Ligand SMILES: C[S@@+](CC[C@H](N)C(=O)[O-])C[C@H]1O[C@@H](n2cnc3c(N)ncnc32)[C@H](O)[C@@H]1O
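Quick setup: one chain, the form predicted alone, written in structure tokens, and binding and motion questions come after.
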């Protein structure tokens, strides 16, 4: 068997390269994108610009790994990025990103295509000189090989460029959540609905008992990166493959690749040992 064909066959037998073994993030993003408003675009911009100010994006090349709905690729374009490349393992996410960009952007300085960050054979589709900003929010821990994904993504950062990532924080319950997500991802949609409601109800109930306002929490949820509450619930419940990494290990691992951490947000340990999820730590590194 020819080496290239052998490699392709091995990849098809490896769940890291088989989209059917992954949760259908694309379907969730497509449903979310149907409800995009100018307010949600502005909120997504605020989430991106907190990590990288718009003035630092202007005139730069921007690689969005795991583009999802396309909102952050759009935010980079609206900030004045010279060129944006948006990629995703899920073809449905690429279609959704293309639709969102076409509806909200008229210039021809963006390209979108399916790409698995774990597959080095796809590197020829990316810039050989690297990108000024490589951005991947909440994606690399869903690849099936998080550390390789981080390393591969970091390799696309140009000298002096920024590497911006968000990763699930490690919690004592990560192993249990990994099992839940694997089972959930194999269920038909009708069977997922009660699980979503149980999870959401329990989380909001605990919030109410502790004196919080669950109604306001759900109402105002879209101010977080422009997300909708139930889309995020589904994203969390079904996010398989699943891995996590502590803030300390994230900094240590990425800095060993030739970077310096310049900012970090939401890195405190998960509340309640991660009973309702771990949340993402956000990190900004610069290649040195």
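Numbering follows the first chain given and starts at 1. Computed from a predicted structure; not experimentally measured.
We do not show the form predicted in complex with the named molecule, though everything after this point is about it.
- The contact with the named molecule in the model of the complex, taken as any heavy atom within 4.5 Å, belongs to 117 out of 117, 74, 165, 133.
- Though the named molecule is absent from this view, in the model of the complex it lies within 4.5 Å of a heavy atom of just one residue from 237, 254, 227, 36, which is 227.
- Of the candidate stretches 154-162, 207-215, 182-190, 87-95, only 87-95 has residues with heavy atoms within 4.5 Å of the named molecule in the model of the complex.
- Within 4.5 Å of any heavy atom of the named molecule in the model of the complex lies no heavy atom of residue 83.
- Contact annotation: residue 142 falls within 4.5 Å of the named molecule in the model of the complex, judged by heavy atom distances.
- Interface membership of residue 177, defined by any non-hydrogen atom within 4.5 Å of the named molecule in the model of the complex, is ruled out.
- The named molecule is not shown here, but in the model of the complex it comes within 4.5 Å of a heavy atom of residue 29.
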